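Okay, here we've got a single chain as structure tokens, the form predicted alone, with questions on binding and movement later.
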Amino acid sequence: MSETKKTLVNAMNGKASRRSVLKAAAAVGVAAPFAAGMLQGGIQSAAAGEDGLAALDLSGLNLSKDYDGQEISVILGADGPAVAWEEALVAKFTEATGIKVNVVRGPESATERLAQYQQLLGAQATDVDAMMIDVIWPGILAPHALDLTAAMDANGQYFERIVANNTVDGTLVGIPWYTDAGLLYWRSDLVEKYGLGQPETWADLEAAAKTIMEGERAENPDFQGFVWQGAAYEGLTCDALEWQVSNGGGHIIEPDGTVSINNPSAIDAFNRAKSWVGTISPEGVTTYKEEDARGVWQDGNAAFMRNWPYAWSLAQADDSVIKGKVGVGLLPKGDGPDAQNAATLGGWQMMASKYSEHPEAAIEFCRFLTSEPVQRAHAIDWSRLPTIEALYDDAAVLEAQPFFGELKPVFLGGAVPRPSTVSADLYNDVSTAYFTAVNEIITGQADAAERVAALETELKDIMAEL
């Protein structure tokens, strides 16, 4: 292990001075912001595993011992409650393979994390061998990634849409680790109280939200029908993509690079969302992010909510006023000619750096972390949605997370990737143009048809830069 690597790893453990970290970072061409971010990290020692980890069986993986004694560094999640669990998991990998793994804690902010990755990989630094990457980054990071196709194929059957999202010019940039998708949550007690059912279409949702809202406001004037993410940020890109795809309005930019945003079904979807503001949704929803929506919902002040799967376990916490009163399922369809259920795809993948000095060991770790037994344990202990289809029918997983059974159709056919692979390193420009335009529509600052026509021109100009 090089002295530079030791210093960088020690930074994660809080055992190196700020000056020595910055000096070591400079030695491999890593910018000061990345090094400063490392100083804020820290590795926690492993702790006993929970139910899924305790039952982890790696015998069927045939993990290689050919790399016994090699040492790699991997960037995983930010500091948090799952750190000890991940460290215990990594210890099992080392026990099985003899490969020592130094775990680096990345920043919580995805924007900061991507910037750090780009600095590190741009410098072709050898000090990090593998890393978790967001589902919208394969097109950006592809030039720095090893092809993981063979490793993934050895593990089993992953959801095809996620694999396609992670494949750039025939190279599998990342093996799907755990996934996310937009979901509809509802107050099951109130749906039952008013004799309603799960909304199948957006029109159904509007009618149900209005009925429940009007009934509940007799005792709670602050009660809302539907909360979602309307602020001008990446979350609105996710919501708005669901609206337009569910209404048959295309995917913003199609996989072949065609800018498809300017069509009547997409425009109708945006106008529909605009009509929610101030009626079934609060005026302030146009400033909401995920936690703003969840706050209103979990305080018992909304009938329906669009959010990610993480909100389920929080709603079921002992201190939640809506514990035991939550339904969750697919987002509604629109009423356009090609209407379908649609849920924007999220989640994380494992990537191996092409600059690694131990590429085989890095690939073996990526295969391990994304394998079926590890994903099973991750689902049972931390409610992480698997990327392997069979686990949605797994008895142990469903016993721990019963609502997972409702989500298999989402990833089989309804999960919609953002146009990040096709737009590569220009995706941030694409998304910013998109969510800015949609926010202007839903806040009444712009006419939908005119603004979408202007957006089409913006997106064509961006794609012309590729």
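The first residue of the shown sequence is 1; numbering continues from there. Since the model is a prediction, treat every value here as computed from it, not as a measurement. Take the two forms, superpose them, and find the largest set of C-alpha atoms that agree within 1.5 Å; that set is the rigid core.
Unshown form predicted in complex with ligand GLC; subsequent notes refer to it.
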Subject >> Candidate stretches 164 to 172, 294 to 302, 86 to 94, 128 to 136, one within 4.5 Å of ligand GLC in the model of the complex by heavy atom >> reply: 128 to 136
Original post:
Taking 4.5 angstroms as the cut-off for heavy atoms, does P282 touch ligand GLC in the model of the complex?
Top reply: no
**OP:** Please run the contact check for Y158 against ligand GLC in the model of the complex: heavy atoms, 4.5 angstroms, yes or no?
**Re:** no
Subject >> 4.5 Å heavy atom contact, I212 and ligand GLC in the model of the complex >> reply: no
**OP:** Indicate whether ligand GLC has at least one heavy atom within 4.5 Å of a heavy atom of D381 in the model of the complex.
**Re:** no
Subject >> Residue among D268, E372, E234, E206 with a heavy atom within 4.5 Å of ligand GLC in the model of the complex >> reply: E234
Subject >> The unique member of G106, G347, G225, G248 whose heavy atoms fall within 4.5 Å of ligand GLC in the model of the complex >> reply: G347
Original post:
What residues of 291 to 329, in sequence order, lie within 4.5 Å of ligand GLC in the model of the complex by heavy atom?
Top reply: W308
Original post:
Cα of W297 displaced 2 Å or more between this form and the one not shown, core superposed?
Top reply: no
Original post:
Core aligned, does the CA of D134 move at least 2 Å between this form and the one not shown?
Top reply: yes
Original post:
Do you see a C-alpha shift of 2 Å or more at N220 between this form and the one not shown, with the core held fixed?
Top reply: no
Subject >> Closer or farther in the model of the complex, the Cα atoms of N165 and G334, when the shift from this form is 3 Å or more >> reply: farther
Subject >> Shift in CA distance, Q244 and N165, in the model of the complex relative to the form shown here, given it is 3 Å or more >> reply: farther
